[in-house]
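Given as structure tokens, the chain that follows is alone and in the form predicted alone.
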Amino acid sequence: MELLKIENLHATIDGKEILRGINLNINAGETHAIMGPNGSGKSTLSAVLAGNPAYTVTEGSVRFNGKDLLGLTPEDRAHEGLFLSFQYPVEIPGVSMTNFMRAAVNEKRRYQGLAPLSSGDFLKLMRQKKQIIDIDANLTNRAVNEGFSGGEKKKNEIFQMAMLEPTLRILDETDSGLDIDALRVCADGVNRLKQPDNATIVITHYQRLLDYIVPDFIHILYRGRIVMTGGKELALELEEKGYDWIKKQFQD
């Protein structure tokens, strides 16, 4: 089943064109990795899909679950099942994880026409998801990301993803700043949450993350376009040859 269809997507920020014709189809059950050098448009693509208002779509279309994604507010995109794991998760002092997640889960249920979860049912759901992600209570009992290490912030986002059960998970350089142990823990959480009806976009510079989250397809993004697509072996070739290999082939 086709989950996401991007056609000829162009986007700008402050009048500068970053995305210059993205075409990408993603089916349920698939994992896609997007790689490319700095400034190629990887994080811009994730921000545009999530609805970041700093970016302006100038051309193209995006269909998500058959709906016009670009016509939805950022909140409704999330309620429809799109989740973005940020490269640098923000701290929200004074807001407990429990209250934050209960508000998010019940807002999604309201959007779906469902009754909100009671306190007891919500805490039961949290216990179930904490077992899947193997996250300590001392993290979920604190304010959102306040005082968290980089690895704890990323693990917390995977927990949020587990609670919200999105159909499209976008991981924007989730390996940034992680040591190998934290990377393994986060990747394990992502893999445990993979289902036949959801899909994942992994945005990364490095092949090492793809040792743990194995993609079905790898796309190389360069100068705002997908210039190459292949299987997981493409990441190994890129690791060996470096991004200069891409730059030499696709200079304008």
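Don't overthink the numbering: it's just position in the shown sequence, from 1. Only a predicted model underlies this, so the values are computations on that prediction, with no experimental measurement involved.
One more form of this protein should be noted, the form predicted together with a small molecule, which is absent from this view; the next part is about it.
In the predicted complex, which of the listed residues (207, 43, 52, 65) lies with a heavy atom within 4.5 Å of the small molecule?
The option sitting close enough to the partner is 43.
Please run the contact check for residue 14 against the small molecule in the predicted complex: heavy atoms, 4.5 angstroms, yes or no?
So residue 14 counts as contacting the small molecule.
Please run the contact check for residue 238 against the small molecule in the predicted complex: heavy atoms, 4.5 angstroms, yes or no?
It does not: once the small molecule is placed as it appears in the predicted complex, residue 238 has no heavy atom within 4.5 Å of it.
Given that the partner is absent here, does residue 234 sit within 4.5 Å of the small molecule in the predicted complex, heavy atoms only?
Residue 234: no, not in contact with the small molecule in the predicted complex.
So, in the predicted complex, is residue 37 in contact with the small molecule at a 4.5 angstroms heavy atom limit?
Contact check for residue 37: yes, within 4.5 Å of the small molecule in the predicted complex.
For the chain seen here without its partner, which of 239 to 247, 226 to 234, 21 to 29, 6 to 14 has a heavy atom within 4.5 Å of the small molecule in the predicted complex?
Within 4.5 Å of the partner lies stretch 6 to 14.
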